[in-house]
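A single chain, nothing else alongside it, follows as structure tokens in the form predicted on its own.
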Amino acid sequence: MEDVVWFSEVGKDDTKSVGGKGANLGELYNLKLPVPNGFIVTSQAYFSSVSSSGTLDRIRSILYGLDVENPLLLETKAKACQQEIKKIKLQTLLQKKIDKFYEKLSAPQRSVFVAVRSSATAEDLPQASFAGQQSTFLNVRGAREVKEAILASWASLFEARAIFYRVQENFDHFRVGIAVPVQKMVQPEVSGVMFTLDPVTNNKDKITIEAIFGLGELIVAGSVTPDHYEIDKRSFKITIKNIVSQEKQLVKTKGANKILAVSKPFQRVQKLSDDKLIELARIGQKIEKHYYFPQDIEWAYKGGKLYIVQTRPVTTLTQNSKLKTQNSRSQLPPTSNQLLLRGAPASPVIATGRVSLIKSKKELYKVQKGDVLVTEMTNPDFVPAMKKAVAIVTDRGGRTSHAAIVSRELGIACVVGTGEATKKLKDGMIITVDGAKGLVFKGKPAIDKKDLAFSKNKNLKPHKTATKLYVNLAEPYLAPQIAAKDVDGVGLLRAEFMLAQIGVHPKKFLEDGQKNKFIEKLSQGLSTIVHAFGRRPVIYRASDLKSNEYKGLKGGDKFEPKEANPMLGYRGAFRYIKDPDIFKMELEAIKSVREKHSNLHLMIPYVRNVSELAAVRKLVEEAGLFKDDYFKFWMMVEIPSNAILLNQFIKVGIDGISIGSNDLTMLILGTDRDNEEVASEFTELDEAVLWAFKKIVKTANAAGITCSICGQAPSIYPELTEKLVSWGITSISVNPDAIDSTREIIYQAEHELVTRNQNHGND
């Protein structure tokens, strides 16, 4: 790739050259979304410049033997590294290229204002956020200022906070490059952040938007508390609207960015109109659908038009699976008469600790392990201290502020925007922070009478149930934490996430003669999960990516057909039969893993008819998996034909079934759950759907095979779980955040069923 490229020349597969931020800007620009145009100085330019100038060697010697836990030494070394980079004299050819691109971007004007952003090649990844680690410079104007901002962006790769974070995350300082997007500046009337889910609870049915007047830097910094809006992703109705008074804003004035007062009549005005909120939410949903992953999006509004200036994957999505829930019986919330503060819930953990009141960065040394860090607002320099804390409480900021995002990533409690935490809370106080409800209490948690009764009656021990409780899982590195929970195994191990992490279309491996490399990568992911669960069963659902999803993998455009409706198209069992090469590689990976872990089993998705199941079973047989008597062969029941002809499918030879409630409900009701126009009609509690569920469970029972359910429905509707138990379902597989509540529901349903049968017998 060239040293300098236009947004139009790059896409999401170019992170090595343009970093996460640059790759996403190019991807969105090429999707014709409202992204201001710009160019990118690639990471090759950075590596070439620091190497040819000798800067890299000097930085290496500066950082040699550095103890990042020593904050004063870290800060000194970081500044020395930055000074070395800022002294670099750009090569003449590179300087001329940058000047030419800037001139063309400015046309027909002479010198436009631009935003100069840092885009590290290891940032904005699903597994690493690097939140706020590198610098952004707004309202830069003129060739000389652009050059200085580029050098300053490079230098920010060695901010103390960035050095510390890379050491913590085991990233090599000298293998991480940095690209610099230079983007036409939008002077926003309003700006903000949008998450295509609820960033606190991970509820994917919501879109969350936060907005302020002026430039959006004050949201991330937590300097102001923004308006908070929540929009239902199916109906696109605004469900929550919290308008906050804004007293100051960051705006460009006379070429400089200044904080100015918001005039009193406008302080409590809704920042973005309802119709623009809905328009913005629809853009967010479009971006999420393109990436197949929830997104954290920065946006701006000016002159009646919305602009997207950045997007990244939501990096705290998997972290929140580790968080303690507000219903945790081991850490109960305090009683209401101890309430000290209310704020915005920012990280769903409850924690108790000693207050460490921090008024400036210089006081961060005061924070000890187990403290509650209380401050006006945090910034990336606070991260080392935040890692010691059990909770964060701030005066300002919203759920998308730096404090909120990093707390969720660290898995600690957080309440933001309390308004008066630094005034009401004193050093040394013992407080309890309920990050799920946005409440701060005095003292340690107090157990009320009801909870005490619960403790005495049930002794806080996990319930044993006849109905197995399984978990739905996708990410291998979450397996150890989830396996430690009260679950009986994995009822749905999705292949899709592992394929997305591999990032390359499986057929590309075949084309390049690297079949074994694909098998090895998939085997590694599978091994991590099955090892964590010991002898408990892990049901692997074979790959069910649709053609539009496979296209998102490197090389996918070459191998995938164009389909008008991929959801009903080339997927599942039919794909394995028509083009079995990928499926055979999956079978090889399963066979390899089962040599050490006999708890791994296979489930076939989207089987349209009985002959398809027979053909797939033959492929599995040819792979030699049936030679092991302990191997289990399951089928997903997610098409009406599966329910209607279930006895015939069972006769082909299957050990178990799992109801895919999402697709089955959609196909029974003829309702696209992803289409906002009709999604309100989608419900697993519809009479026809319940009839199918009951028939499936009863048929499986009569045939003596295992019957499970792995769609979202049991996680959402407790009443459905109760019905499934009463019909005799063998197991229920739910999302990780629903494990505890579902175990309780199963226990109660079984208890009531036994009681009812006993009473019936007595009658």
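Between two forms, the rigid core is defined as the largest C-alpha subset superposing within 1.5 Å. From 1 onward, residues are counted along the sequence shown. Because the structure is predicted, anything quoted here is derived from the model rather than measured.
Omitted from view is the form predicted in complex with a small molecule, to which the following refers.
Chemist: Tell me, please, which stretch of 630-638, 421-429, 351-359, 112-120 lies within 4.5 angstroms of the small molecule in the predicted complex when heavy atoms are compared?
Modeler: Among the candidates, contact is made by 630-638.
Chemist: Quick check on this chain: which one of 657, 372, 182, 492 has a heavy atom within 4.5 Å of the small molecule in the predicted complex?
Modeler: It is 492 that has a heavy atom within 4.5 Å of the partner.
Chemist: Identify, from the list 673, 442, 554, 276, the residue with a heavy atom within 4.5 Å of the small molecule in the predicted complex.
Modeler: Selected residue: 673.
Chemist: Heavy atom to heavy atom, is residue 544 within 4.5 Å of the small molecule in the predicted complex?
Modeler: Taking the distances in the predicted complex, the answer for residue 544 is yes, it comes within 4.5 Å of the small molecule.
Chemist: With heavy atoms only and a cut-off of 4.5 Å, decide whether residue 242 touches the small molecule in the predicted complex.
Modeler: Close contact is absent here: in the predicted complex, residue 242 is far from the small molecule, nothing within 4.5 Å, heavy atoms only.
Chemist: Residue 736 versus the small molecule, in the predicted complex: is there a non-hydrogen atom within 4.5 Å?
Modeler: No, residue 736 is distant from the partner.
Chemist: Taking the shortest heavy atom distance, is residue 586 within 4.5 Å of the small molecule in the predicted complex?
Modeler: No - in the predicted complex, heavy atoms of residue 586 and the small molecule never come within 4.5 Å of each other.
Chemist: When you overlay the rigid core, is the Cα of residue 147 off by 2 Å or more between this form and the one not shown?
Modeler: No, residue 147 moves less than 2 Å.
Chemist: Taking the rigid core as reference, does residue 43 move its C-alpha 2 Å or further between this form and the one not shown?
Modeler: Superposed on the core, residue 43 moves its C-alpha less than 2 Å between this form and the one not shown.
Chemist: Aligning on the core only, does the CA of residue 666 end up 2 angstroms or more away between this form and the one not shown?
Modeler: Shift at residue 666: 2 Å or more after core fit.
Chemist: With a change of at least 3 Å, which way does the C-alpha separation between residue 204 and residue 638 go in the predicted complex: closer or farther?
Modeler: Result: farther.
Chemist: What direction does the residue 735-residue 409 Cα distance move in the predicted complex compared with the shown chain, closer or farther, given a change of 3 Å or more?
Modeler: Compared with this form, residue 735 and residue 409 lie closer in the predicted complex.
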